[in-house]
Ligand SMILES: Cc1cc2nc3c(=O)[nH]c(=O)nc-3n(C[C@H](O)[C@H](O)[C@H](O)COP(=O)(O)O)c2cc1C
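Presented as structure tokens, the chain that follows is alone, the form predicted alone.
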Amino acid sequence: MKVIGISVSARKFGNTELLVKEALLGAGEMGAETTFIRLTDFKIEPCEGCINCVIKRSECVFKDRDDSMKIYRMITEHDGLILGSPTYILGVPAILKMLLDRGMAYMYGTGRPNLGKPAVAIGVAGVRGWEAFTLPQMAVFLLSLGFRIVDQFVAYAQGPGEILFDRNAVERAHRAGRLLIENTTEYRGTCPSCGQNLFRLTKDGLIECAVCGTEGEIEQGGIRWVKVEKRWGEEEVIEHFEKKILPSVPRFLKSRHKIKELRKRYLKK
């Protein structure tokens, strides 16, 4: 089994990188062939929103402009992924979101080659309680590509390398790497589908997972789940593509001349 570890941190040998590498050591002990990369060593440019990758079901048409498709191909060449990210202002650094946006090609266009592969998400935060969106944002990246999250957690450290003083965090990362090879899920959050703890109240009085859309009713003593997984499953993604995205193309082509006329008033300086 081949496993790739990706650190989203710009800090070499910082807390995020150290935990990712510890997880890779755990995977290596189980016989995996491991690779490590730093996302900030690559050039990644913003998505231009042209959706050609979606319509043509292909890689990004600007694939030679930067390294984003190269990174996705590297991920696809491996059987499992360990993703580590620091926390910047309650969530992940911008570079991961930029890569995620460029990954629409791998969500809709290329047949989701990573569907069902195991993944681990390791977040790092400096202050407990200031990491609300870190794991959910990492989960969106992994789930959109079709990965199955087998473990996810946040560790806490501030100065570079201080995480090594936290033996529990180091051991947790090591165990996560082993779980990846065993393909066994250890940690689950509140949501029974994606394991996240980020919810919103709906107009019907239900709680809805903000990441995967699973719904539940709050009852005395717990939650009764009434609708599980309606966003990242294979059928759901195909339905979203076929019924929500593709029909917009002929509609736009039919009305673009009218849009061109209507937007003239906005061209003035």
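The structure displayed is predicted, hence computed values, not measured ones. All residue numbers refer to positions in the sequence shown, first residue = 1.
This next part talks about the form predicted together with the named molecule, which is not shown.
S.K.: Is L90 one of the residues lying within 4.5 Å of the named molecule in the predicted complex, judged by heavy atom distances?
M.R.: Yes - in the predicted complex, heavy atoms of L90 and the named molecule come within 4.5 Å of each other.
S.K.: Might N168 be said to contact the named molecule in the predicted complex, defining contact as any heavy atom within 4.5 Å?
M.R.: No, no contact at 4.5 Å.
S.K.: Would W130 sit within 4.5 Å of the named molecule in the predicted complex, counting heavy atoms only?
M.R.: Residue-level check for W130: yes, a contact with the named molecule.
S.K.: Is there a heavy atom of T184 no more than 4.5 Å from a heavy atom of the named molecule in the predicted complex?
M.R.: Answer no; every heavy atom of T184 is more than 4.5 Å from the named molecule in the predicted complex.
S.K.: Using a 4.5 Å heavy atom cut-off, which stretch among 242 to 250, 7 to 15, 21 to 29, 257 to 265 contacts the named molecule in the predicted complex?
M.R.: Heavy-atom contact with the partner occurs in 7 to 15.
S.K.: Exactly one residue in G146, P86, P118, G189 has a non-hydrogen atom within 4.5 Å of the named molecule in the predicted complex; which is it?
M.R.: For this set of options, the contacting one is P86.
S.K.: State the residue from L96, M104, L198, A157 whose non-hydrogen atoms include one within 4.5 Å of the named molecule in the predicted complex.
M.R.: Here the answer is residue option A157.
S.K.: Can you tell me which residues in 113 to 150 come within 4.5 angstroms of the named molecule in the predicted complex, by heavy atoms?
M.R.: If the 4.5 Å heavy-atom criterion is applied to the named molecule in the predicted complex, 113 to 150 yields V124, A125, G126, V127, W130.
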